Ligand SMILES: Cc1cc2nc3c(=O)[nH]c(=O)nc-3n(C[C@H](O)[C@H](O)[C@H](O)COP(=O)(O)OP(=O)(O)OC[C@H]3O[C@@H](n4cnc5c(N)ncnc54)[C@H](O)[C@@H]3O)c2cc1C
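Here you get one chain, nothing else, as structure tokens; it is the form predicted on its own.
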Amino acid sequence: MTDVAVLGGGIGGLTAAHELAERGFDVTIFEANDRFGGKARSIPIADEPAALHGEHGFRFFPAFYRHVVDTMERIPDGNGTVADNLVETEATLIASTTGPGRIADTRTPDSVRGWLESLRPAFADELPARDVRFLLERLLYLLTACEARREEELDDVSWWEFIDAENRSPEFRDRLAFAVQSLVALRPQVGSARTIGTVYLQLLFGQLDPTRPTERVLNAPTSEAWIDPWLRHLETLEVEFRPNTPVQRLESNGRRVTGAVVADGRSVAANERTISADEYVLAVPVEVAPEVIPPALARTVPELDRISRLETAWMSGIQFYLAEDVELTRGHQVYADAPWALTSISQRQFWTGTDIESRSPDDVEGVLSVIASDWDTPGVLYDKPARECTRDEVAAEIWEQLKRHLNGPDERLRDELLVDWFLDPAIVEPGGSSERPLADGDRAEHRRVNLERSRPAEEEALDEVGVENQSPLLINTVGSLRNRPPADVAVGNLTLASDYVRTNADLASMESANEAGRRAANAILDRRGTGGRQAQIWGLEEPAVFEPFKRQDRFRYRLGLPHPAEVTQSLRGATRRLGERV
């Protein structure tokens, strides 16, 4: 028996536990894996205590991330806090296979000229003048639309249609349509104008805010810099941890949760037991939630039933361990022509507190962390999408796409630099194998095989086994906002704390999960009538100068009138919507 049972130990669950434990609640966290932190956690590539770490994908913290940074500021770490482990980036490389890369400064400008220069890659650089004007019109449309119009109209329009991508220049489509896919694992034809447009604006505003860094990354692997100190702090708050204890199902009388059935261990034959609590916080991933929610409860609470309608996509990371530290920009690299929508960070320059050499007998000097966001488009090496490749082929294909972007006159990535790689273990081949990198003595042979497979002979038939993703990512599709449940679903003792919860951040991210955890804690505080201080919730900030226009649009929307800027959309799009309304 515990006051609060948190079912899921990712960012949402840990946040809810943190907020409640600070207010005196007895909290126990039940987690399916052997490590806490969800997709944010680091994963040792070997059993040794000092092994190198792999990641689901690198972590980055743009300026509009308020909730997760506030939590980090409340986690002690040495003489400071975990927030002290955040390091500001300086520049983003936009690499291309057709010419030299472009550099976008990510430091906060200190002059008007600096602001113009920082915004040039987003607006004027290589874009036709008519596209720049159209883009400004689209952004002003978003900034002057009232909240009701955004939620009820713009959530039903794709980003692709909203920016009229079909009728714009190829440069415009590459910059404004496909670039977002690298950030949010979301195809522009699928994602709503509300979600993608809002995030795009927040990234632009973050560039101009002198009070906060534009974006930051961690100075060590995520678990070392953040998750491990967090767990230690929660232990001081007397939070109990139950790893390897996945929730199987909730039990309910149709109105309340009466218990949670968990498994002791992850095997199929694991023994089940029922745990009891006053409050239950469901913090499992979106693909797991429908499996554990009782049908009777889902029928009673439509918000729970609609979770199953939410969609997921693949967005996973791979780390390449290099014999030399390849110097790229001090920040992100975006690979503009990569069919798998790649982004990366060269980690060594930021991991100043991590002794990489002592963690690898192969004298690893550099770590290139890469995220692949498109698993459905054929690659350049095997002419098939990532989901149809083996793990070896995924690694070889990503390595080849990186080389084609980075190797111009100066060959920055050479095959002989590759010591090893670590692909997210959630990417498995049939039978459940994640095929982790081999033991130290076998690494040279392992690397040789990888590179040979990157140059398949024409007469050799490729393996068509393909892979599965055991940890997909929620995506915000057109019209999905209505299927996003609140943290408080009006069940007497159940709240939700995961990135599919409806939040201000509105994006599958650690920021959204943290906000959801705070909202779940606040719902419990309200129900229990403790009168204690609630967890703070921040809204997304937009310039106040647009507020009068939003108020005016609120009246127009109530009267059923279109937004004044709607006429600037393509004739085809306007005609289609008119036909739908008739």
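In case it trips you up, residue 1 is the first one in the sequence shown, and so on. Since the structure is predicted, the reported quantities are computational estimates derived from the model, not experimental observations.
Although not depicted, the form predicted in complex with this ligand is the subject of the following passage.
Chemist: Considering non-hydrogen atoms and a 4.5 Å limit, does this ligand approach G57 in the predicted bound form?
Modeler: Taking the distances in the predicted bound form, the answer for G57 is yes, it comes within 4.5 Å of this ligand.
Chemist: Hey, in the predicted bound form, does S316 get a heavy atom within 4.5 angstroms of this ligand?
Modeler: Flag for S316 set to yes.
Chemist: Contact with this ligand in the predicted bound form for V288, defined as at least one heavy atom pair within 4.5 Å: yes or no?
Modeler: Residue-level check for V288: yes, a contact with this ligand.
Chemist: Is G206 a contact residue for this ligand in the predicted bound form, using a 4.5 Å heavy atom cut-off?
Modeler: The answer is no: G206 has no heavy atom within 4.5 Å of this ligand.
Chemist: Among 243-251, 163-171, 140-148, 294-302, which stretch has residues with heavy atoms no more than 4.5 Å from this ligand in the predicted bound form?
Modeler: Careful reading of the contacts points to 243-251.
Chemist: Within 4.5 Å, heavy atoms only, which of L135, A336, L481, L473 is in contact with this ligand in the predicted bound form?
Modeler: Partner contact (heavy atom, 4.5 Å) among the options: L473.
Chemist: Check each of A40, I45, A63, A535 and return the one that places a heavy atom within 4.5 angstroms of this ligand in the predicted bound form.
Modeler: Only one option qualifies, and that one is A40.
Chemist: Go through 368-397 residue by residue and record those having a heavy atom within 4.5 Å of this ligand in the predicted bound form; state none if no residue qualifies.
Modeler: Only I371 sits within 4.5 Å of the partner.
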